[in-house]
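Only one chain is shown below, in structure tokens, and it's the form predicted on its own.
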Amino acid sequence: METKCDLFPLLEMVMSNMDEGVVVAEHKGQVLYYNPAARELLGFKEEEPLTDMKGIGAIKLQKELLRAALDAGEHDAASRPSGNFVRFGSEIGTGNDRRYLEFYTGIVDAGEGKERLRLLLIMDRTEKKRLEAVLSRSNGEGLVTKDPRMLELIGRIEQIAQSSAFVLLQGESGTGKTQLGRMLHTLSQRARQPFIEVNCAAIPDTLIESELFGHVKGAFTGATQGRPGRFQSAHKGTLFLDEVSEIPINLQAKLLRAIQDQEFEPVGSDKSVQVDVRVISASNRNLRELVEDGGFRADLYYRLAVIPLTVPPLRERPGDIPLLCDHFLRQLRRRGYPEEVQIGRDALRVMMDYPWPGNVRELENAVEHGVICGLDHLITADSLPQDIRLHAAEVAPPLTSTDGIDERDRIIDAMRRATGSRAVAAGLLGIDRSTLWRRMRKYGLS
């Protein structure tokens, strides 16, 4: 039992199922009550009771309280603390992970003739902090994620951005390879120089050589004047070759030389042009497999893939779907769509179960479709595109409590897919967070 004082049973039941931590202590610091969420957030084991406010993890409470009071304008807080509620944040280590917690605390009256008590509320702000960090690092390039694999990928991009090494981004269409390429450029020493994008799949084979390397006047029918290519336009900056696998095999030798020697001849010219270009390439096809099949030159592949990075598809990071939905709703509002449109729980659950072959780009279109087809400013499952609705009709039913073993396994799977977020896992399972919390406690899951 995690209480030393008598609380109303209803109040204790409510606090036991809250996601926020609650700690009640005597004015001098002896802990009277704390709920399961407080123990979990602070990283205490069940056999390790919280007895004194001085020992809440690695947090120096008195020091943090003084600092927060001074920040709130209480200039004599050190000598005459008011006990007014203050708010502060702290990063703590829990096992192999780190959490950013927000604390809200102050002194409250316990009733006439009773000693005043300190109330401490604890909120987990880790996901918010991670998202803010990603948005800050990406310089507004539209990267919205809290997925560990994506965060690790962004960290690697930050690490390699300052080098001149060529980078190959591989992943399905719509996963954000272009945004990551822009981020690489923005964080590099070439950030003030041009970032030139070329979609190799959108250029006819007969024109791609001229598009990349330029041409001189009279080089071919219709070439009435000379034109510099994309390599020259990217001089001193970055050239982003999207869908590089679509470059014809007969042109790959010239591309290899241009990349390797940083020089080439425009179409119709015998004079070499020298450039200083960093090449970032992207492909939705596996280039190594293309090399093995003879569809891509091995020497060009190894030159492009000095640092190969793989972008995970959206279906492998369902925890990003609620974040991306909110992001796209904000974008739509700026475009003039209604401000008050919300996404219903059933629609969110259907979207989190959908495999998203078009990835983030398809999700963006689905959100706009839902806004247009929603009723009473609410996006429901019926508001979503047909492909998503048809898939929803084929998936397994929501979590039920008829089979305890199956239920426990599904909770574990949902928490894994949601990267530890109970709110996201509850959406995947079709239940609310408090129900999920109770069932996790029932099966001994933390």
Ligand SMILES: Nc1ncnc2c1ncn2[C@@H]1O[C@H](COP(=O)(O)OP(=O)(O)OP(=O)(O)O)[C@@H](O)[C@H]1O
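Residue positions are given as counts along the sequence shown, with the first one as 1. Source: prediction; values computed, not measured.
The form predicted together with this ligand exists for this protein as well; it is not shown, and the discussion that follows is about that form.
- Annotated contact segment (heavy atom within 4.5 Å of this ligand in the predicted complex): 173-181, selected among 101-109, 173-181, 302-310, 187-195.
- Among residues of the shown chain, residue 201 is not one whose heavy atoms approach this ligand to within 4.5 Å in the predicted complex.
- Proximity of residue 257 to this ligand in the predicted complex: non-hydrogen atoms within 4.5 Å are absent; the residue sits far from the partner.
- Contact check for residue 242: a non-hydrogen atom falls within 4.5 Å of this ligand in the predicted complex.
- Mapping the unseen interface onto this chain, residue 212 falls outside it, with no heavy atom inside 4.5 Å of this ligand in the predicted complex.
- This chain lacks the partner; the member of 161, 332, 144, 348 within 4.5 angstroms of this ligand in the predicted complex by a non-hydrogen atom is 144.
- Contact annotation: of the candidates 233, 252, 284, 126, the single residue with a non-hydrogen atom within 4.5 angstroms of this ligand in the predicted complex is 284.
- Of all the residues from 356-374, those having a non-hydrogen atom no more than 4.5 Å from this ligand in the predicted complex are 360, 361, 364.
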